[in-house]
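Okay, so we've got a single protein chain in two different forms coming up as structure tokens, structure 1 first and structure 2 after it.
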Structure 1
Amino acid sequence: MRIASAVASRLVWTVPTLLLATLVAFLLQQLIPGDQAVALAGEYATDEKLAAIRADLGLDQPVLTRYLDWIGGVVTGDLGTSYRTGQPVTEIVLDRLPVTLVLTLFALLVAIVIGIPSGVAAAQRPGSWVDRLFTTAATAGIAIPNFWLGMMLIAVFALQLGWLPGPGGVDFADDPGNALRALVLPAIALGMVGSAEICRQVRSAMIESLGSDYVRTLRATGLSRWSIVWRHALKNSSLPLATILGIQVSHLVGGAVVVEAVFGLSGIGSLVVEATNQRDYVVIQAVVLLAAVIVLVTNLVVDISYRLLDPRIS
């Protein structure tokens, strides 16, 4: 019942949150300099042609009217039609979405595999050389931009050593194996900042857990160090870990825009860049809606995990 109540509460706020996110994005697009009709027809198009384009795309309507028309289409499952290609936006987004989802999943896996063990190792001996090593590495990981790290990874592992594919990517439908190999370097570049954040949060939570009374009691009973650290202390540090993982999903989705551009991947991130350059605002609006849905679903999962990990949370 507690979980059902949490889900119902989140769902109640989903609609106004999505409306606010998409409305802000829609209004911000109107501030971008330039005329969409001119971008589509060319600088030397006649006034009649520009007027025809504006009428055809609804650009001659008030901003609020256009937004409400777009919302009406979303309710019926129609995200609109691309200004540039004439394709349904739904098809364009679904075609690019798998690359970004797999990249985000791989990056999150990198962040977890590196961040949790390093945070646990640093917390077991605070102030030791191991702690200082991982703390310094985590600080450096947060400071290093993922696009610079991506370029360094390409230079070393793709160009010099030739172990992994460089920029360009491979279509999943054509060669799934090589497509996954092509995502290894981008996932590392995208996930390293997340691993640094996870390391810092896990270290802080684990130091508190390992210094608590119940851990001293477990040690007095003769329980092994491995069991105390990994089965008990880490479990009691799971709430802040769940929080940081939820935040990292949002960061990874946003960071994919830059990483996909560096590695030449045809995902949602590169789609946003292309749509922005071409003033294809209806595509940008759909991506904003998709990103908002991903963030809301992630927050819902984190909220549910709180109640599963700690029954005291109502």
Structure 2
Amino acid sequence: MRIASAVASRLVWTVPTLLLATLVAFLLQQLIPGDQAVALAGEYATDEKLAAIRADLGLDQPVLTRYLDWIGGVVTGDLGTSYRTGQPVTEIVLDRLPVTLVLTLFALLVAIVIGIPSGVAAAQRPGSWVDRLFTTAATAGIAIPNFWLGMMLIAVFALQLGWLPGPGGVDFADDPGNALRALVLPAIALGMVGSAEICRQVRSAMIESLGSDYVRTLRATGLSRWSIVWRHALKNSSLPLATILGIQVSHLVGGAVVVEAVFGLSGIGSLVVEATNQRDYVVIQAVVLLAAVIVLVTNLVVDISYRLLDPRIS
């Protein structure tokens, strides 16, 4: 029952946002300067060709009709047809999605594995040299562009040392082992900024938890420090942690675009860049919408999970 009501209350919020997001993604097309048919076919296209494109894309219809048409397709999983390749956009996008999802998950793992322990360590003694070291490192980590970090990792670990594969992804179907190895450097490049942000959030949440009354009581009962920090205080810091993880997914999906370009991975990030160069507007629109859907679904899951985890939230 609690699960059902938690899900329902969040869906009431998410569905309208999702609808508005489709509107934003659709209206992006209205930004194309001048005549879209000319933009697609080139300046020297004949009038018949332009008319054909207009009819084909429904450009002769009012904007609202086109939106309703498009959204009707989106709901049924039809994102339109690529104007460049003639392939269904849904097919193109689904083909590229797994690489991005695996990369994002790997990067999230990197961010968590580095971010949480360093945040906990920094929170032990605020103001100590350990704390200063970690917080300064975290500020530096946030400042490093992920694609530059990726290039540096390639220069050192792929070109100099030859430990890991450099740019150029491997198809999962061909060679799963090497495909995963090829994702190690991109995941580190992408996850490092996230680890710095997680470190800062965990630090401040842990300082608050460790300073609270129940921790003092736990200490009085003679519980070991390890158990207080990791079992009790960290658990009570899990709400801000869940929120930051939700935000991280958004950052990681955005960052994946550039990191994929550096490492030559064929995910939806490199797809949107290719589509931009080819002015394949339908594909761009689809990727932008998909990115928002990934973020909204993640936030939905995060929200529902902490309603279930924390009985204080009703």
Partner chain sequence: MWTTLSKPARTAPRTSAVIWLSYGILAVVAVVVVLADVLAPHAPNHQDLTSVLLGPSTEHPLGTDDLGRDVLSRLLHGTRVSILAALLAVGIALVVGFPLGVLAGYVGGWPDAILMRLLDTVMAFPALVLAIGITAMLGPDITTAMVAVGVVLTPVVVRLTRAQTMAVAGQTYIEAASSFGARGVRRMILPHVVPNVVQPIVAQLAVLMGFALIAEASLSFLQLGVQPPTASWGTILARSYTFLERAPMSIFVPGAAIALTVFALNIVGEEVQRLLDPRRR
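Please note that residue numbering is based on structure 1, beginning with 1 at the start of its sequence. Note that the rigid core is defined as the largest set of C-alphas that superpose within 1.5 Å between two forms. Since the structure is predicted, the reported quantities are computational estimates derived from the model, not experimental observations.
Remark: structure 2 matches the stated condition (the form predicted together with its partner chain). Superposition of the core reveals a Cα shift of 2 Å or more for residue 66 between the two structures. Relative to the superposed rigid core, residue 222 undergoes a CA displacement smaller than 2 Å between the two structures. Taking 2 Å as the criterion, residue 25 counts as shifted between the two structures: its C-alpha moves by at least this amount when the rigid core is aligned. Superposed on the core, the two forms differ at residue 15, whose C-alpha moves 4.2 Å between the two structures.
With both forms fitted on their core, the C-alpha atom of residue 76 sits 3.0 Å from where it sits in the other form; this compares the forms between the two structures.
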